[in-house]
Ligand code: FUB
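A single chain, nothing else alongside it, follows as structure tokens in the form predicted alone.
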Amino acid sequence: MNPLIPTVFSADPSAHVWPGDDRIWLYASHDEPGTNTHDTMQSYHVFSSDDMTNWTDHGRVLHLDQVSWASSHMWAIDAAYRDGVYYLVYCAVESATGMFRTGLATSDQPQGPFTDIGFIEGVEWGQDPALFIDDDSTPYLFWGAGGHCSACRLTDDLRAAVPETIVDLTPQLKWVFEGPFVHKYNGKYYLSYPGLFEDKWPEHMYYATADHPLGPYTFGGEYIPVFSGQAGTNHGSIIEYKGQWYAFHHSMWVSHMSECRSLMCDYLTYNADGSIQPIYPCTIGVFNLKTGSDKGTVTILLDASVADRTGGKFSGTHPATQRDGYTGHGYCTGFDRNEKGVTVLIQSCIDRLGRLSIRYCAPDGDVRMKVMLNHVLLAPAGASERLFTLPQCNDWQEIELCTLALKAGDNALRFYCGDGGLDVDYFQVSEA
């Protein structure tokens, strides 16, 4: 189904399948609802799926406020896994110089949240980065914007470019403008990128091939022509998942505004000679790998234990890991006074309804809690009292609480007013 994720404005999807993991993971930039400029981009989201149509939105995983060296313009990203660490490689404007830098952030779990560790040294104007780890574990970085594309090998810790390996790929990539991504197929390296045919907008998606990550590259052609409802930009990734190849990219099919984009996915097919057949995006998109349906869902899953790192905050509560069986980084505990609670950020691209569930454990007895959305106290369906009862349970269980009326943009969900004996694993918002 296209758009793939119609619930939040996202662009520049970087798709990956990690070792030992059966899910496909998408790392994407975030567009603010209602904006008319890309200058408002300040954060990133992570999505995952095990069937290509039903997706989990893991929420905001890195924000400009968490990057001390940057001042603005958190644009396209990529991700990589190496030696037990998940890397988010992104770009932002450096405060000290006004130059685009390539930032690096890490996490011990694929869904983040990610912690910035600085920008990659030796890479100037490092916009739209792509981090490719070859089969021998050698790391390569690609970046480009404004009609240029460069690449290099990175040091083993990924923190700096190896100076003598920096190469300008621009002359090899016909009509290149920005946004490189590299994948491997049948021993060949494929560099895909958005380009401007004869310097005219909007962007087409092109590719080139090489026998080495740093080239030389041979132009291969166009694989996504300009299509109806395309944003001025396009940007994406190519990946194999469970024996099928897919092309991820973006459009403006939800907003009809070029600056408020939505993620897309279409099947990708190679010819016998390794060339890529042109893709013509349609609303059907891709099918569910398990059922064959083209219909899908998006569920927001917010780990309560990292609320303070994903746009929310703890109010007297705190994360813990002592109780077994949690699903993310831990759980939130300490609901032992009326005012203590936790706030999580829910982002939506349009006004819509969602069903709120919570996974919790309350071994000491029933617990009564308040739920507040955007400063408004909610009440259980059919009840006049604005208190929700969570039944006693000795182990983790999930319970649906209420329907949320989400607004376009940022929504603050506060869960509070405890009397002790409660641990919260996650909050979940499903389609109503």
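This one's a predicted model, so the numbers in the text were calculated from it and none came from an experiment. Numbering starts at 1 and follows the sequence shown.
The following text describes the form predicted together with the named molecule, which does not appear among the structures shown.
Trainee: Have a look at 332 to 340, 231 to 239, 345 to 353, 299 to 307 and name the one stretch with heavy atoms inside 4.5 Å of the named molecule in the model of the complex.
Mentor: Single hit among the candidates: 231 to 239.
Trainee: Quick check on D128: any heavy atom within 4.5 Å of the named molecule in the model of the complex?
Mentor: Contact check for D128: yes, within 4.5 Å of the named molecule in the model of the complex.
Trainee: Applying a 4.5 Å heavy atom distance criterion, does W75 contact the named molecule in the model of the complex?
Mentor: Answer yes; at least one heavy atom of W75 falls within 4.5 Å of the named molecule in the model of the complex.
Trainee: Taking heavy atoms and a 4.5 Å cut-off, does R261 contact the named molecule in the model of the complex?
Mentor: It does: once the named molecule is placed as it appears in the model of the complex, R261 has a heavy atom within 4.5 Å of it.
Trainee: Please tell me whether any heavy atom belonging to H250 falls inside 4.5 Å of a heavy atom of the named molecule, as the geometry stands in the model of the complex.
Mentor: Yes.
Trainee: Using a 4.5 Å cut on heavy atoms, which of L390, M52, M41, V67 is close to the named molecule in the model of the complex?
Mentor: Result of the distance check: M41.
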